[in-house]
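Single chain ahead, by itself, as structure tokens, in the form predicted on its own.
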Amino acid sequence: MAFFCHNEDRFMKKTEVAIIGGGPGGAASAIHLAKRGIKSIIIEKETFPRFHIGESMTGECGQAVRDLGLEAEMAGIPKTTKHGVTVYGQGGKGTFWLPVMKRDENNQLVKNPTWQVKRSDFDRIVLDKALEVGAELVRGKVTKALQKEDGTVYGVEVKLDNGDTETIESDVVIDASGMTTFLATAGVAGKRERGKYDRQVAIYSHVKGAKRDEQDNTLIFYEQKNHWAWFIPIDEDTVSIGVVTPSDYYRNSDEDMRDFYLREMHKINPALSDRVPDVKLVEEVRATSNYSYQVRDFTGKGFICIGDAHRFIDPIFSFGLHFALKEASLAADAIAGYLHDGVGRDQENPFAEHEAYCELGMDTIQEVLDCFWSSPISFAFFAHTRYNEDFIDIFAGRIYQTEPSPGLQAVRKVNAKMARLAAEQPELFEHVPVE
């Protein structure tokens, strides 16, 4: 419903949920809300399709796509089938592979391939689906969160593409603005804090001519701590390749970004160099720096932040799309309970339970990453041998473990031990190679 306020020379709309951002998190939120009979407006300033990284899906992320009813749309876009992830240690040695598997009705692991996609295509079909099921799209940039005296968020102010200002009042605002972290930046959610892996730079592009493995797996290559590369086939010709290095290492190279990218592609790991003897760039070379962060208190009266809008840990295990789609579904459940059944209305934070559950999953990935970086030999032993099934579960996205698996418990023990050693002898932990 829309109104025009003559005295303020601006438009006003009302809806149940206003969604900041039309990427996969925001669009998936709208789809799940529509299934629950809840109307939403998506505010997005960019026109799709548009370039984006984060092309690889976990097994549970693939299931989330199916839950959105997008299998037919997926059949119509270029993609590859992901059967697993192969990890190459320093010098191309110490390789291990983890397959994509699900748990069947007997709790047994069975094959369950997922996808790797060109995000420009994937993001477009999710947004199109959201509009198909009834969400409204407003083209513009959110400039302000509307708050009552007690801090309750009741909508947003938008600067439209044509320069007009529009007020959208809502019962709940979902922040799916990604790394923009709009509500944190606006001072509504908690402050954006640096994560453990923020002093890195990721430099990436799409290439043609790279040599894949037989199954088009996601490949990860390592040089040393915080210095690695990804290799993700996304259609029959194109591969997404990114190199991640310490920020100081890149700055000290004093190289043009494109030249640095092409050189590092051949330097990081011989197993990667063998796959890119002569590649053609089909996208410009882009970079993302200082990307590890966390926003606490990312829910509250009238608002929920999802995915990258409240936390980004490290892209190494391809959990970006997973968290966007999973938290979209969880947020829709929480909002439905709040709007339809009054769940949490008498609480200081009506979405506190939702926040705690989301943190449980992200904390699991943080712990696994900490183990990988601080004790890679232990990690490889756990993943490949001792707790193989537990790590298959984690890599697939079964990470909301209220009762931690033996593999996750082992990770926590190693992390505690390495933290003690780092406190006692910090000089030993400046560079930890992956073997």
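A residue's number is simply how far along the shown sequence it sits, counting from 1. The model shown is predicted, which means the values in this text are computed figures rather than measured ones.
In what follows, reference is made to the form predicted together with a small molecule, a form of this protein that is not presented.
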Task: Of Val100, Cys358, Leu321, Ile335, the one that lies within 4.5 Å of the small molecule in the predicted complex (heavy atoms) - done: Leu321
Open item on the list: Under a 4.5 angstroms heavy atom criterion, identify the one residue in Phe298, Tyr197, Tyr204, Phe260 near the small molecule in the predicted complex.
Closed with: Tyr204
Open item on the list: Taking 4.5 angstroms as the heavy atom distance cut-off, pick the stretch from 65 to 73, 42 to 50, 399 to 407, 370 to 378 that is near the small molecule in the predicted complex.
Closed with: 42 to 50
- [ ] Would you check, heavy atoms only and a 4.5 Å threshold, whether Ala176 touches the small molecule in the predicted complex?
- [x] yes
Open item on the list: Tyr250 versus the small molecule, in the predicted complex: is there a non-hydrogen atom within 4.5 Å?
Closed with: no
Task: Any non-hydrogen atom of Asp308 within 4.5 angstroms of the small molecule in the predicted complex - done: yes
Open item on the list: Quick check on Gly59: any heavy atom within 4.5 Å of the small molecule in the predicted complex?
Closed with: no
Open item on the list: Quick one: Gly134, Phe303 and Pro350 and the small molecule in the predicted complex, is every residue within 4.5 Å by at least one heavy atom?
Closed with: no
